[in-house]
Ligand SMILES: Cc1cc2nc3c(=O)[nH]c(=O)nc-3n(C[C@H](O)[C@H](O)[C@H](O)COP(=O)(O)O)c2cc1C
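A lone chain, given as structure tokens: the form predicted alone.
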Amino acid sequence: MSNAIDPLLTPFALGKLKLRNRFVMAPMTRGHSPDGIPGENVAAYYRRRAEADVGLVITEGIGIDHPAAIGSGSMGESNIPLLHGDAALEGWRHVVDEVHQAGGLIMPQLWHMGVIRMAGTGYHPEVPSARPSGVWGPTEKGMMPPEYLAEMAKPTAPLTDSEIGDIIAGYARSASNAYKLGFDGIAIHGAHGYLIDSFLWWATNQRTDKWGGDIARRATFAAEVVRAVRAATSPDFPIIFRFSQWKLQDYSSFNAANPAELEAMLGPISDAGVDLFDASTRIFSTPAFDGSDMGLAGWAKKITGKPSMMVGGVGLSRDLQSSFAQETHVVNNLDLVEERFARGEFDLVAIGRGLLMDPQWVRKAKTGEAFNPFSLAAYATLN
């Protein structure tokens, strides 16, 4: 008997990578790596998803080799893993081995918190946070604790050319580490108001040099990061780039007001060597622009000609941020996912909270078995 989601269970080739189906574990911050070192519990956590038929695992955000990459942000983050240092790399080697032994594929998400990191926190509290123009962004819409917003509203020194170069080099070193450890590709976090996105967003990038200006020039930093990652790995090593319109500073803001601006932004990043765009939205079915019901992943694919991945609210009644404050229920909206997949809007489907609650999510999607209920307690454990 055929299943309505059978098309989502077909294999997919991302360069040399062969995914067994279209379901991807989305990166979700976990905070279970003391001193930046992932332990056996982290390896077991990812292995459980791999052995339950997830097509590709993308790890939680991992701090790149730069002292200001990681600290406490709006959610009070701590125990974030790193992708440098002997102990952390040995930990990730074990994670990779466990996922591969389970028949899975895994990529690290390279992360620099940028403006979101609070100064004086993290593994190097002595260093200032990295801000393109010295500003955090508008604070009147940030849905965060007042004390955090008050601290972040204070302007700082903009990044210098030399400091920007150091950060790009940090991305390259961490990508090289991942390549040598046997990861299957690289995922770059360029969304949600963190460092790369703060270069893309007009509200946090007010520079007038080569790193700022119109939307295409604001994409220069992102493109240089991609080039550095490509140069540090190999020509056929898959690179996924996550981008978004919404920001932690303002859920309703955007980088691109229309498809032409999105093309101007994504074009340089695509040309730099991205293999697939991960379009992060709060609800995957929300139209990206007026005049069309197509989502952001669909526009990324149409504009760049590259494969795309969608994420946002698959299997749940509310978006991520709302689920922390409002009752959230498990729903089966895979018929809508498959309908948009059939239109050719995207190639891969990323599942975040669903796979946090339920390591067997993909297998249950295949069989029609009920998913585990939504639980905030899952965020405090490595289920």
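Every value quoted in this text rests on a predicted model; they were computed, and no experiment measured them. Throughout, we count residues from 1 along the sequence that is shown.
We do not show the form predicted in complex with this ligand, though everything after this point is about it.
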Fill in: Site check Arg131, Trp201 and Ile269: each within 4.5 Å of this ligand in the predicted complex by heavy atom
no
Item to complete: Sort through Arg117, His189, Lys301, Arg218 and report the residue having a heavy atom within 4.5 Å of this ligand in the predicted complex.
Response: His189
Practice prompt. Report the residue, out of Gly295, Gly185, Gly71, Gly312, that has at least one non-hydrogen atom within 4.5 angstroms of this ligand in the predicted complex.
Written response: Gly312
Fill in: Segment assignment from 152-160, 84-92, 226-234, 189-197: heavy atom within 4.5 Å of this ligand in the predicted complex
189-197
Item to complete: Verify the contact flag for Arg353: yes if a non-hydrogen atom of it lies within 4.5 Å of a non-hydrogen atom of this ligand in the predicted complex, no if not.
Response: yes
Discussion item. Would you classify Ser308 as touching this ligand in the predicted complex, given a 4.5 Å non-hydrogen atom cut-off?
Written reply: no
Discussion item. Is Thr29 part of the interface with this ligand in the predicted complex - any heavy atom within 4.5 Å?
Written reply: yes
Fill in: Distance check, Gly55 to this ligand in the predicted complex, heavy atom within 4.5 Å
no
Fill in: Heavy atom within 4.5 Å of this ligand in the predicted complex - qualifying residues of 44-66
Glu60, Gly61
